[in-house]
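One chain comes next, on its own, written out as C-alpha cells in the form predicted on its own.
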C-alpha cells in the first residue's frame, strides 16, 4: 500500500518564493502541496476545509502576521504542524513564534533539500531549526551578563514575576512586608527601573531570572 504524502500549505507574500516552494514540493515524491496563500487572512478563511499536515509560514506578512496566524491555525486545527520560514533571526521573532505554537523555525536561505527534510522531521514530531536559530535558543538558557542582584533579590524578583504581591512574598519567604519593600527598592535601583513591570521585563530580557 502506497504511503500517503505529507500535505503542505504555504503562507508567503513573496510571489517568487511562494511559487518556488510550491514547485519544489510538487516535484518531490512523498510531498503534496495542498494550497498556497499570499496572506494569513486567505489561509485562515480556508484552513478548516483544507487537508494539511504542515504549514510553511512566513513571519512578515501584510495584515495578520505569520506569528498571529500560527496561533489562530493551532486553535482551528491543533494537529497541523507550523514551520516558520523567515529572514528574521532576532530573539523576539524566534521565541514569539514558538510561544504561538510553531514547531520549527528555518531561515529563508535554507537549501530546498533541507526544507523538505525539516517538513518530514516536523511531521514526525521533531522541532527542526536552522543552525543559527538553534544556537540562539540554546544561548537563551544562559545568563547574558552577571546579575547585579543578590540571591535574595533574585528570589523576590522571580516571585514578583509570578504575580505575587508584597504581602504574599513576605509570607512565602518568611520576611516582613517592610523588608520586602526594602529589597524591592534595591532591585529597582540596581536595575534602573521604576516599576514592577519594568523590573520583570528587564530581568527576562537580561535573563536574570
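Quick caveat: nothing in here was measured; it's all calculated off a predicted structure. Note that the rigid core is defined as the largest set of C-alphas that superpose within 1.5 Å between two forms. Numbering follows the first chain given and starts at 1.
The following text describes the form predicted in complex with the DNA, which does not appear among the structures shown.
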property	result
The DNA in the predicted complex: contacted by all of 42, 48 and 74, heavy atom 4.5 Å	no
Listed range touching the DNA, judged in the predicted complex by heavy atoms within 4.5 Å, from 32-40, 66-74, 177-185, 49-57	177-185
Contact flag, residue 201 vs the DNA in the predicted complex, heavy atom cut 4.5 Å	no
Exercise: residue 26 in contact with the DNA in the predicted complex, heavy atom 4.5 Å	no
Heavy atom of residue 158 within 4.5 Å of the DNA in the predicted complex	no
Contact flag, residue 18 vs the DNA in the predicted complex, heavy atom cut 4.5 Å	no
Sequence-ordered list of residues in 186-200 near the DNA in the predicted complex, where near means a heavy atom within 4.5 Å	188, 190, 194, 195, 196
Residue 199: Cα shift of 2 Å or greater between this form and the one not shown (core-aligned)	yes
C-alpha of residue 18 off by 2 Å or more between this form and the one not shown on rigid core	no
Core fit, then residue 9 C-alpha moves 2 Å or more between this form and the one not shown	no
